[in-house]
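Shown next as structure tokens: one chain only, the form predicted alone.
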Amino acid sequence: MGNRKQGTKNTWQEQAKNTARGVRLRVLDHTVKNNGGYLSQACSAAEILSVLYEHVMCLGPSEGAMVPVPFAGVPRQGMPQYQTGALYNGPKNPEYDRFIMSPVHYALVLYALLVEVGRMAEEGLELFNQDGSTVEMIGAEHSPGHEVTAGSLGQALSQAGGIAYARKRKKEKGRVWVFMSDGEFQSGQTWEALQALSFHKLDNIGIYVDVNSQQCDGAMVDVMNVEPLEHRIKFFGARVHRVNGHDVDALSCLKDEKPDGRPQVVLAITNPCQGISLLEKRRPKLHYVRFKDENEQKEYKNYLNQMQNSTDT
């Protein structure tokens, strides 16, 4: 379903675009087959995550099973077989970066991405939300690509800050990357974490925010407006870039940026219907797609077929 061809050498920009398209196709295919899915999240975040994995982050080879293993139980003493989903992002080498997924309802998008970049087998998606599977609908620390259980929205930045602080103290070269949603800035813990990052001068952390302006109850501005987000984050001491979240070159802005003592934040302005214009009919309720009848499901299936037969991104 993806566009990764053996023996071809694309530019990283072309590969990131192909990966993003593959992510949307996989999530749409899953949504059609299962009468449900976090589809708008794939539309808004596909380029952000693709650029992170294809270009920005320095990750080692995956150490996770290509077909994810069943859940082994909660971590406890005398349980050596327990492992976190961070294995899919490579070994915890001081030279390598770490990735933290904060809005864990984006899990399906991350799994689709891991398949596209060759870190998980296609069969892994078939285990999604199955009893006993680690490929959970709401990702946890044992889910592929996840390192921590973010719990309620707004908790992962604090955990990532602790990792970044430890890495700074140990003088590790690797950075910590965090993917967040804009809705998490409605939580006070996010602002407290950001304040701590600035106070401790943690410039080894990079934060990408999917600013799609949507949440489960509708438009952000109607539920709890967080704008002007860029200015507010700057006032908390961070360095902020506001970019088009579907422009792969713009999203790569942190790749070679020199640290200056401030945490770095990319506000990626996105469209929650990007690449799947059929979703526009559902505005403003885009958080989760559940088809209202067989006709709507068929409409989305036909749209999927058109996408699969098209060469457009």
Partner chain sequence: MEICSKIHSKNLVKWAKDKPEVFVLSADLTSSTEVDLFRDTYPDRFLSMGMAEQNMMSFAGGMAREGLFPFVHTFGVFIYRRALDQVSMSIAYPNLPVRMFGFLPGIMTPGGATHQAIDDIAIMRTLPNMTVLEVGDATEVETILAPAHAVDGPVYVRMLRGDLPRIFPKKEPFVLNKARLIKKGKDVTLFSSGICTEEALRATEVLARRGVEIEHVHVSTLKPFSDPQILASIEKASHGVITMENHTILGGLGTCVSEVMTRVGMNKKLVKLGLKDTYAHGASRNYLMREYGLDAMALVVSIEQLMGKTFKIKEEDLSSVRLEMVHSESKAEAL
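Numbering follows the first chain given and starts at 1. This structure is a prediction, so every number in the text was calculated from the model and none was measured.
Another form exists, predicted together with the partner chain; not displayed. Remarks below refer to it.
Chemist: Is the partner chain close enough to 66, 117 and 121 in the predicted bound form that each of the three has a heavy atom within 4.5 Å of it?
Modeler: So, no: the whole triplet misses the partner chain.
Chemist: Among 219 to 227, 122 to 130, 149 to 157, 103 to 111, which stretch has residues with heavy atoms no more than 4.5 Å from the partner chain in the predicted bound form?
Modeler: Heavy-atom contact with the partner occurs in 149 to 157.
Chemist: Decide whether residue 186 counts as a contact residue for the partner chain in the predicted bound form under a heavy atom distance cut-off of 4.5 Å.
Modeler: Heavy-atom contact with the partner chain at 4.5 Å: absent for residue 186.
Chemist: Classify residue 165 as contacting or not contacting the partner chain in the predicted bound form by the rule of any non-hydrogen atom within 4.5 angstroms, answering yes or no.
Modeler: Judged by the heavy-atom cut-off of 4.5 Å, residue 165 is in contact with the partner chain in the predicted bound form.
Chemist: So in the predicted bound form, does any heavy atom of residue 82 sit within 4.5 Å of the partner chain?
Modeler: Answer yes; at least one heavy atom of residue 82 falls within 4.5 Å of the partner chain in the predicted bound form.
Chemist: Taking the partner chain as it sits in the predicted bound form, is residue 142 near enough to touch it, meaning that at least one heavy atom pair lies within 4.5 angstroms?
Modeler: Contact check for residue 142: yes, within 4.5 Å of the partner chain in the predicted bound form.
Chemist: Exactly one residue in 238, 180, 202, 135 has a non-hydrogen atom within 4.5 Å of the partner chain in the predicted bound form; which is it?
Modeler: Only one listed residue qualifies here, and that residue is 202.
Chemist: Which residues, if any, of 211 to 248 lie within 4.5 Å of the partner chain in the predicted bound form when only heavy atoms count?
Modeler: Going through 211 to 248 in order - heavy atoms within 4.5 Å of the partner chain in the predicted bound form - there are no hits.
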